[in-house]
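Before any questions on how it binds or moves, here is one chain, the form predicted alone, in structure tokens.
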Amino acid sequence: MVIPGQTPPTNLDEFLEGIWKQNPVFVMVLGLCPALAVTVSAVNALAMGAATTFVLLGSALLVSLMRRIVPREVRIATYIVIIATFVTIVDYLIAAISLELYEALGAFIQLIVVNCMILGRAEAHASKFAPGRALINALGMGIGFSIGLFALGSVREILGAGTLFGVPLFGPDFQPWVVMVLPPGGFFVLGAWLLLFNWWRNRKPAPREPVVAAGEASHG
């Protein structure tokens, strides 16, 4: 939304909003159900991120195109039907590409329908802006969500299995942290990432001392 008197956001601002300023996982803390459940490996994390991004892009495009013809009274129901359509598409695609991956993600693919992030983007952004701007914003949100899932999944796989994308990183003497592949491990890693991310966003540079000229110092 553009506030009167302020410069409208550029396409780059729209894109970066979901990656940094409003990251779904680390700032808005949305979509935590898949973020904690499927991120036991980097592959699962990226697959869920890609599936969510696909649904975000498809629903944002359709909602934006239909924003002038959908009555306000049925807008939420319409958005849910649109989102469910793209979730069904991605569900069949993943099943066709890899049954192993499909079984690993389980019911969390279907649960994309009730992801607050996707419905929130449809209501707060796509329904108010043209398709181009809606797609750019949705792409940024999808990439930001994927980054969040990958940050969780990579750490949990490295510590919980000693691998990354299935490639061993340590020697045979490495003892996996079993807790990392269990639900408590997801909470531990999420808490650590939230702490780091918020510290980075809120850190302030140290104040610079004013430079005093030699002549002024002598007069003082």
Partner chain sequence: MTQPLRLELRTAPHVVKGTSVERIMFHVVLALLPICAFAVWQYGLSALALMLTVVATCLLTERLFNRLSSTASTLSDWSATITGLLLALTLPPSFPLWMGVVAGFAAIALGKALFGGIGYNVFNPALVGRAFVQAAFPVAITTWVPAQFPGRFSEFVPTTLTAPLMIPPDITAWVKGHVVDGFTGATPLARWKFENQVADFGDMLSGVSAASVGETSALLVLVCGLYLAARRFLDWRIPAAILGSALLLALLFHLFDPTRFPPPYFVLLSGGLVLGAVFMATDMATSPVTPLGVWIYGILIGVTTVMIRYFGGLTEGIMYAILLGNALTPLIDQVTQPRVFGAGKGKKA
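Just so you know, these numbers come straight off a predicted model, no measurement behind them. Positions refer to the first chain, counted from 1.
Here the subject shifts to the form predicted together with the partner chain, a form of this protein not shown in this document.
- With the partner omitted from this view, the residue of 36, 28, 179, 61 that lies near the partner chain in the predicted complex is 179 [heavy atom within 4.5 Å].
- Heavy atoms within 4.5 Å of the partner chain in the predicted complex are found in one stretch of 28-36, 43-51, 149-157, 166-174, which is 166-174.
- Within this chain, residue 193 is remote from the site of the partner chain in the predicted complex, having no heavy atom within 4.5 Å.
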